[in-house]
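Shown here is one chain on its own, the form predicted on its own, set out as structure tokens.
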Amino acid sequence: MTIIDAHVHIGRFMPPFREGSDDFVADLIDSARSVGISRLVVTSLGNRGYTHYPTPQEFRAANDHVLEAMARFPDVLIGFCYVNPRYKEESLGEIDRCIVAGGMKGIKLWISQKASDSVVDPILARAAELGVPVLQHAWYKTTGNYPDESTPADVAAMARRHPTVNIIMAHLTGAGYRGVIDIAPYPNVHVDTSGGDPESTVVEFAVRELGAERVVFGSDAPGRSFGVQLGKVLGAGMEDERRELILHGNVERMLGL
């Protein structure tokens, strides 16, 4: 069975990058393959540690690392371009550099700006022009979100303004049942299965409310274990046809693989 992980991170601040080696990417691929995952959608949120509001220099350096890793492992890695919508022109230029020229397949937005804010609109408009998806971080935190961190309700607002863009809302088990209900009316929003440890019935709930065509497998590795996160899908009660859509079919369709 083909399995594609739609949500994986690399970054040169992670060991052993601090010692000047890129062996971590190879080790990450080996770890994924050990549980049957054959391809990884990768982003970098920074090379010196995560910053909520990266400068153009910082997100370019992060994307450089992804481009280098893609060149080293072209049959395994699929890159998404990380940008900060607060820097409109620089972000649009970076999208063209990474996607049009560099071969990346999507855009990553984290917590520099809420998805409901119009500041993100130029990024979504460019995604529509290029026909690529946007992976948008979202969470409902009991401790309270960061100042510009999106909730699923923010993602729903983004989807309402940009109905032709495929949006992958990250973190099903961070969004929870409430988050699934928020995005249910918007068929262009998908959800990945990452975001915490496995919890019984959450994946089944998402499939029932959204349809299997709108759920994709994502681990958020290396912050979470490939095998544990894969268990959310393999252990969920559903037909094999739906499971295969989640594990690879939906991502293949969105990315044109």
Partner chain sequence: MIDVNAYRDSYPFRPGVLALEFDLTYRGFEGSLAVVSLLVSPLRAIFWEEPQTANEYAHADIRSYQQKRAAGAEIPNQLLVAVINPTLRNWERSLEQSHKELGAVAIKLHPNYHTYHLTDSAARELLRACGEKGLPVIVQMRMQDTRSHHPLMQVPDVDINEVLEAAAATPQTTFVIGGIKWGEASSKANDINALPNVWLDISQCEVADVLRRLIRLFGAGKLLFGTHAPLFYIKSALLKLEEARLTAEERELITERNARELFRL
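Not measured: the values here are computed from a predicted model. Residue numbers count along the first chain shown, from 1.
Absent from the display: the form predicted together with its partner chain. The rest refers to it.
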Tell me whether V35, T143 and S200, taken together, all sit within 4.5 Å of its partner chain in the predicted bound form, counting heavy atoms only.
yes
If you check in the predicted bound form, is W139 within 4.5 Å of its partner chain, heavy atoms only?
yes
Quick check on G231: any heavy atom within 4.5 Å of its partner chain in the predicted bound form?
yes
So, G49 and its partner chain: in the predicted bound form, are they within 4.5 Å at any heavy atom pair?
no
Does its partner chain get within 4.5 angstroms of any non-hydrogen atom of L247 in the predicted bound form?
no
Checked E213, E58, E204, E68 for heavy atoms within 4.5 Å of its partner chain in the predicted bound form; positive is E204
I need the one stretch from 39 to 47, 58 to 66, 184 to 192, 215 to 223 whose residues put non-hydrogen atoms within 4.5 angstroms of its partner chain in the predicted bound form.
215 to 223
